[in-house]
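Just the one chain here, laid out as structure tokens, in the form predicted alone.
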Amino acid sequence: MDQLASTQLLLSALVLASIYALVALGLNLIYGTMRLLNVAHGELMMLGGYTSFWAFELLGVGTLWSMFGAIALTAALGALCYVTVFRYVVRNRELAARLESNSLLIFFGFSIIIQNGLSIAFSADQRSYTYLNGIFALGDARVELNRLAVLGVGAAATAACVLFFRFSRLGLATRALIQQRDAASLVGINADRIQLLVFCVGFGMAGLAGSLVSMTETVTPFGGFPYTISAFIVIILGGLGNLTGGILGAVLLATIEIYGVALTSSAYRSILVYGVFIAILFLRPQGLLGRKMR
């Protein structure tokens, strides 16, 4: 019990929650706005991770700087994907009638392309580097500076996105599109412009998350799938399209993982996570902060 009350576990849960919140935020935006299931989200994280890895190895640029390059690269890829593929898919009546299933197949193809492209370019070997590995003492906890950087940057980026979509004009237009697409179009909201913005932000947040993760974990072309699954669990917990609920879901999932493993063992991690996930689907399928549909 003393271990459960330690600052060490609390910090670990917060660091993991900041990563989950970033990943789920981008996934939630794309699904909430356009009903597209981006199963390639984890691969975008790995792309961001490789960007920071090579920036550090080849140029000596630290992650706190190279993360802006990771955001720019993945956001540009998001704009390219929307303009070349998904703009046509959304506008085509036959394809739009099966939008979720079609998007699942398209993004699955994207994930395979990114995985194998990274594998061909950089091999399938795990890559890691040492950055901000000093130890910081906080009460009874000892935490590496790179983990504090992950927590600080992740929390700041998540808060900035939530504030943007809550108070800015573009953000309010995006929320209107998420809540009622037809009514948003009737009042003059440019859906195409908003969708392009959502793709750029969603992909960019995945790149930022991958860049931050590369400071503390290895990156590999095939290491993104677990993050994709975790992101889907987070947005189901918080409610589809609910950004604030997604943050709550990220904190809940990270807490279950860290404290659940501390109470049992790492072998029970998947049982704990998916057990809570199934319980939420049965007891409150609209999510913790979602609204019931009539």
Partner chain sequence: MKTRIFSLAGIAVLLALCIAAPQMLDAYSLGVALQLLSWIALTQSWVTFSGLTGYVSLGHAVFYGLGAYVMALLWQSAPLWEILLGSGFAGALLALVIGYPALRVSGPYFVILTLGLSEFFKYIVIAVEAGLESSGRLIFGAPDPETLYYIMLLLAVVATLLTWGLARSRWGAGLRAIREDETAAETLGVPVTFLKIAAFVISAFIPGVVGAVWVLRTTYFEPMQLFSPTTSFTIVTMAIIGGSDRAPGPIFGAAFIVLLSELLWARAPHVYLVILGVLLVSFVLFVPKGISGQLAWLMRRRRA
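Positions refer to the first chain, counted from 1. Just so we're clear, the structure is a prediction, and the values are computed from it rather than from any experiment.
Here the subject shifts to the form predicted together with the partner chain, a form of this protein not shown in this document.
- Picking from 128-136, 90-98, 158-166, 180-188 the stretch near the partner chain in the predicted bound form, with a 4.5 Å limit on heavy atoms, gives 90-98.
- Of the residues given (F56, Y50, Y31, Y259), Y31 alone sits with a heavy atom within 4.5 Å of the partner chain in the predicted bound form.
- Proximity to the partner chain in the predicted bound form, defined as a heavy atom within 4.5 Å, holds among I106, A173, V153, C81 only for I106.
- The candidate spot formed by V61, W65 and F122 is out of contact with the partner chain in the predicted bound form: none of the three has a heavy atom within 4.5 Å.
- In the predicted bound form, the partner chain stays beyond 4.5 Å of every heavy atom belonging to A254.
- At least one heavy atom of N116 is located within 4.5 Å of the partner chain in the predicted bound form.
- Proximity of A76 to the partner chain in the predicted bound form falls outside the 4.5 Å heavy atom cutoff.
- Contact between L145 and the partner chain in the predicted bound form is not found at the 4.5 Å heavy atom cutoff.
- Taking the partner chain as positioned in the predicted bound form, the only residue of 33-58 that brings a heavy atom within 4.5 Å of it is L37.
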